[in-house]
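A single chain comes next, written as structure tokens; it is the form predicted on its own.
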């Protein structure tokens, strides 16, 4: 963890369920220092010796001189959950970036060097859904792409798809695709069929089939197992992992494509293998979506919130 050569203008925090990332920044959002920790919300909630303020100060203490006062700390993610530091009530969709920033809550802190603001998540009451953390990435994306109209995909254990247009988030959908894949590949009979190998063609075929026959989802899952059992001697069998992944991700994407309106685009935020799989799955249906760096977009969203909060405080 590097120590900045100047006192940060503010500090950005992305506090997740399993870990957190922290950045010291100047007023132009230049990164002065950064660090991370495995002490996410679950770790703190499960250990009475830990506190959110204590964990935060342990990470940023060296960044703040003893005479610093009220350095803004802007936090997104699970610190605002019911089990977090202080609950930040969900903001209803449709929502603009300023709505999210204005919904921030300020927990009481003992250390006078910091002034903490925790951003809210988003909720959708019709077709019930919630998110915490991803909304800040959406704000960062919207800042970089003000004219975008369509769906933004954020792959993960619980993938989020949000409809963005005219400077607001109008709705979103969560898909448990990552969790379903993990459960099926590790704890179901399919675990015997997904151990080795990968085939891009088999993945693409499964993605395509998921859209052509969406009602056959549960049957398609069992074929991952059955193909190997009924294959004739010497016959090639598509790798089960590729078929299972294509079936699960394909079902998710097929549902979103059914909601896509004429002229709407699709954007993809993420990195690594999972984002590449979503990129490939979208490509099967003729949609080009280049994965964008989630960290940079998160920081952009936190920066937008910081400036909104700063402007509001200057008016008081």
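Positions refer to the first chain, counted from 1. Quick caveat, the model's predicted, so the values are computed rather than measured.
If you look for the form predicted in complex with another copy of the chain, you will not find it shown, but the lines that follow are about it.
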* Structure fact -> Of 244-252, 24-32, 45-53, 284-292, the segment with heavy atoms within 4.5 Å of another copy of the chain in the predicted bound form is residues 244-252
* Considering 115, 93, 164, 180, which brings a non-hydrogen atom within 4.5 Å of another copy of the chain in the predicted bound form? -> 180
* Heavy atom within 4.5 Å of another copy of the chain in the predicted bound form - residue from 190, 209, 202, 71 -> 190
* With the partner absent here, would 36, 59 and 145 each sit within 4.5 Å of another copy of the chain in the predicted bound form, counting heavy atoms only? -> no
* in the predicted bound form, residue 104 touching another copy of the chain (heavy atom, 4.5 Å) -> no
* To do: Using the partner position in the predicted bound form, report whether residue 214 sits within 4.5 Å of another copy of the chain, counting heavy atoms only.
  => yes
* Would you check, heavy atoms only and a 4.5 Å threshold, whether residue 194 touches another copy of the chain in the predicted bound form? => no
* Evaluate residue 123 for contact with another copy of the chain in the predicted bound form, applying a 4.5 angstroms cut-off between non-hydrogen atoms, and reply yes or no. => yes
* **Contacts with another copy of the chain in the predicted bound form, stretch 146-177 (heavy atom within 4.5 Å)** => 158, 160, 173, 174, 175, 176, 177
